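Single chain ahead, written as structure tokens, the form predicted on its own.
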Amino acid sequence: MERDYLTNLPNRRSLYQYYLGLPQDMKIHAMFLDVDNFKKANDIHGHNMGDQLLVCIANFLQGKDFGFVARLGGDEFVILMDGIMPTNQVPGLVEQLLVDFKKMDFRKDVLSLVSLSVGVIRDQAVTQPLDDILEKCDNAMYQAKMSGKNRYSLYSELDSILEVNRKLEKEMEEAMQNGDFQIYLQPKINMVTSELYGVEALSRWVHPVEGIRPPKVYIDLFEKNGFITKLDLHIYEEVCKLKASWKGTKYEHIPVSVNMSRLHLYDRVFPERLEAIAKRYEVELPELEMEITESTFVKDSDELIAVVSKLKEKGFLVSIDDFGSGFSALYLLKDLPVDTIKIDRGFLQSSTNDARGKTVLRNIITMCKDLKMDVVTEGIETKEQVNFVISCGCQIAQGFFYAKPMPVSEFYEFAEGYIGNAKDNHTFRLNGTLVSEDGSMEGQITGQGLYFAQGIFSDSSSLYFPGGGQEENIVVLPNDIIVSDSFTISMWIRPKSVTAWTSALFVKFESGFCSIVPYAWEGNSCCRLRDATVVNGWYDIASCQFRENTWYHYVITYNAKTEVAVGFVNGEPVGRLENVPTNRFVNLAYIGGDMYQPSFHGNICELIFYNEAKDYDFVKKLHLSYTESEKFIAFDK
């Protein structure tokens, strides 16, 4: 179980894992607790004292023994209680908790500043998503805050809503003028390469007294009173300002998406408004994406499709958000010129509960891919969801498994781990020379009998290896051929004869090696990754049998962040291994042999080293770039 670094309570991920493990016929009660005035206590007494207070609160909540206690982050805690407890007993427990909180063994001057606001919901079936329960709890907690803090509120759809809405409408115009509506960024991550794919800009109302007001508190209200159009354009302009500030940095070309209300789409000059703002800040339109919810298109679809088409004509990206959340208007996909479909979080969770749901989700992803649309899956929370969605053909994700929405300042720190710094690649065509295509590296022949023969194209060559003993008749490459923990190797191989465990390519790391073997056990080709630090550190990706005198395109990609290795033959994935330890620091690299077995006999060409992991789409496109060439002849022989 993963623990919060400060309080040692279970963290958000552990909370979800615990909830998913509960019996499906069970009911629970839940509490969402927020520390009132915690920021004020931090500002007065310092962050170290604030940390001590959080630890004390964590111990206090655990000592109550109500149920499963977790820290979500910041000053937010959740308690899940067994539904066996009679419903009418829950309010009494919460009331006593509020009383006992003020009696905690902690500095009284600090304790006098803070209190608890608690949202409570009772008798919830665990068959529903935990996020839905937490959202209701959070709403109730917010009502407790709005009612004066230091109290609890039972979840009720109608309690205080009118009063809260009136307060929000009084404050919204002034909040806009004061800059209280701020941008939070939630990253979109390529799950295969662990690279930053883009970000979604979300609004957060940062109230000077109450702190952050989440969108669920005000978005629906603003949709009803029309203020949403002002807010959307405000956030959009703030995004353009941010993009302008990124010029000349590593963030410059990161695509940013912005949610747009359906109300804009009835405005014929809406695309021109967006274009004018972007031009004012000199932002490239293809790096701005407009997200529109699926349900928007069900009514007046013809008018809306016309506006979306206009956005596309101007160069904006357009995506359908929350796909699968309601109407699932599949018939519109053939007419909508959108770039991306975003699978709704709830649809993902409901689709992974049974075989039929998984089949539906897989087919939707496949259909979108066939229509040349990108697919982003929202709400990814577990490793199991990552693996399943990848297996369905979707590689891009948003969700708490990777990151929650965060202030821009925190985004920069997060992005450092997901923007690759070693992007160089080295290509050895082996087309009459051993020099890399960029001229920066050159292989050296060790031995004799090597020569250039026919390659995979009618006008290209390959390097012929005659075979031999260990480390005989090979090409030695520079050690800095791979400088990143993650890497991809692509090569075309044509065995003249097959000898078991002979390496076509061999890279020796400080603590192991990577070896591409055209013939391993039972005639299968194989990529072997070795971790020499442990006795059983063998990781083999077996694939199809390589026949003599036949060309094969082999690719191995390794992602050090996820410790996943994938092998491809002729553009198709043939094997995938998880939990493969990372090897670092190349000691030597050979083409056509290794340190342990006889040397390779056959031809090799089009050898490329990438200092990053590559995804399935990239490998497929790379393979097609060879086979769709008019000069390609390898498969004709």
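Since the model is a prediction, treat every value here as computed from it, not as a measurement. Residue indices: 1-based, along the sequence shown.
Just so it is clear, the following notes concern the form predicted in complex with a small molecule, a form of the same protein that is not shown.
**Q** Just checking whether E200 would be counted as a contact of the small molecule in the predicted complex - the rule being heavy atoms within 4.5 angstroms.
**A** Yes, E200 sits close enough to the small molecule in the predicted complex that at least one of its heavy atoms falls within 4.5 Å.
**Q** With the partner left out of view, is A532 within 4.5 angstroms of the small molecule in the predicted complex by any non-hydrogen atom?
**A** Result no; A532 lies far from the small molecule in the predicted complex.
**Q** Indicate whether the small molecule has at least one heavy atom within 4.5 Å of a heavy atom of F400 in the predicted complex.
**A** Because a heavy atom of F400 falls inside 4.5 Å of the small molecule in the predicted complex, the answer is yes.
**Q** Since only the chain is shown here, I'm wondering whether M104 would be in contact with the small molecule in the predicted complex (any heavy atom pair within 4.5 Å).
**A** Looking in the predicted complex, residue contacts with the small molecule do not include M104, since no heavy atom lies within 4.5 Å.
**Q** Looking at S461, S436, N190, S261, which is the one with a non-hydrogen atom within 4.5 Å of the small molecule in the predicted complex?
**A** Checked against the cut-off, the match is S261.
**Q** Identify, from the list E291, E287, E294, E471, the residue with a heavy atom within 4.5 Å of the small molecule in the predicted complex.
**A** Selected residue: E291.
**Q** Just to confirm the contact call: exactly one of 124-132, 516-524, 226-234, 548-556 touches the small molecule in the predicted complex at a 4.5 Å heavy atom cutoff, so which is it?
**A** Residues of 226-234 come within 4.5 Å of the partner.
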